[in-house]
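Shown here is one chain on its own, the form predicted alone, set out as structure tokens.
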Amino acid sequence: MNEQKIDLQEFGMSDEELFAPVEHDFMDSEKITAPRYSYWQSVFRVFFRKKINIFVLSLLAVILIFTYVYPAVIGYDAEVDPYINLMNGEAKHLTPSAAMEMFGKNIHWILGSGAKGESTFDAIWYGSSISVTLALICAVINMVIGVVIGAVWGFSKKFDIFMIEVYNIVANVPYILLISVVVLIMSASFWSMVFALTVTGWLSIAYFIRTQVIIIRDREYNLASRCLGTPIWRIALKNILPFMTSVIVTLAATEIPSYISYEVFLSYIGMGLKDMSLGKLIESAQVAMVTPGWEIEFWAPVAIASIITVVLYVVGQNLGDASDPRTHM
């Protein structure tokens, strides 16, 4: 095979120009060329990839606007508005068409009027603001306490022995019965309901988190941290909880709707809030359920309560799925 030799002198360049030493940078050699990864950007990218999530999130936004913004815009007064047509017998139990014929065609009367001549539509959204606020406050309190205690519970053996006994005792008492007793002892106010739903509501969350922590607490990086003398609480908060983001979000998705359900159920059986919540509206409209022409007074708040709980659950579940790093590939 013939080899053709190249005369470098024909380039008219010196040896220093033709041959230059290559510098080696140890820092550059350690760099990994890869796309920049952002956890929360990946979460929202996966979440919004499904069109159904966009629709459900839009529906949730509309619900929250009517729940909190609408009553404030119309200046709804819970002490005046429900009784504004109380002395007008013809304004009570009107169908949507009859109510619009009497009071004019506007959004206030698209669901007719109730037993006191009040706007069913306005009452429902004011009641929704109470029920949703109650659920969110209870969820925040129970999730924070449950997650923190559950994380420590899963690491500390001494604490585990004590908490297991507490859990075995409290868990055998029906939750709805415990809430009912607390509400009966205290006045049926908003904050007494919050106390009733949170006094032991965090315990089941803590037990669930404890189980998840036990599964991952003995992994190599956690054992190394313990050998280096890292406090248990720091391992739990720094090494464990961030790994469980998707689990916590999914758990919150089931907790928030459940508190709305508890409030509606307790009010329906006459043990709920004195305020005009969704449950109170449903309880006061029980007679309308079986009275011809009045059914919408009962089924309208039932439908709104169902829609709110389902939408909150679906959004939370899908956000929990998107929070799992394994779906970011």
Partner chain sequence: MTKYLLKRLLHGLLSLAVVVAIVMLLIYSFLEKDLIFAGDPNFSKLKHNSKDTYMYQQWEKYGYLDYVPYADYVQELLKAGEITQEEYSDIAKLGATAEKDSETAAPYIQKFIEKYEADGYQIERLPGKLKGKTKKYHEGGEPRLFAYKDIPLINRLVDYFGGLISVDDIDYVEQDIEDRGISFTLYDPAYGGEKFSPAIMGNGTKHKYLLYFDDQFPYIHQNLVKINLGTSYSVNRGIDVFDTMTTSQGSFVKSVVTYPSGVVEETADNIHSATYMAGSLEKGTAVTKQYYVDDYTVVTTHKNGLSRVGYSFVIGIISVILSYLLAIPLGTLMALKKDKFIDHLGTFYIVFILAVPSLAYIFMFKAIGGSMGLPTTFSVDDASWKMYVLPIISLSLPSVANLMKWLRRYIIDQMNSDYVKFARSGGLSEGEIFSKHILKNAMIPIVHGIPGSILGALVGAIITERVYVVPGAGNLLTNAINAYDNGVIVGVTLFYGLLSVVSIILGDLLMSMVDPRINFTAKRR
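Numbering follows the first chain given and starts at 1. Keep in mind the model is a prediction, meaning the values are calculated, not measured.
This protein has a second form, the form predicted together with the partner chain, left out of what is shown; the following refers to that one.
Just one listed stretch, out of 269-277, 52-60, 39-47, 66-74, contacts the partner chain in the model of the complex at the 4.5 Å heavy atom level, and that stretch is 269-277. Checked against the partner chain in the model of the complex, the residues L241, A252, I141, L178 give one hit for a heavy atom within 4.5 Å, which is L178. When contacts are defined as a non-hydrogen atom within 4.5 Å, all of N172, L184 and V264 contact the partner chain in the model of the complex. Although the partner is absent here, V302 is a contact residue: one of its heavy atoms lies within 4.5 angstroms of the partner chain in the model of the complex. Although the partner is absent from this view, E101 stays clear of the partner chain in the model of the complex, with no non-hydrogen atom inside 4.5 angstroms.
The partner chain in the model of the complex comes within 4.5 Å of no heavy atom belonging to L319. When the partner chain is considered in the model of the complex, W294 lies well away from it, no heavy atom lying within 4.5 Å. Although the partner chain is not shown here, in the model of the complex the stretch 119-153 places no heavy atom of any residue within 4.5 Å of it.
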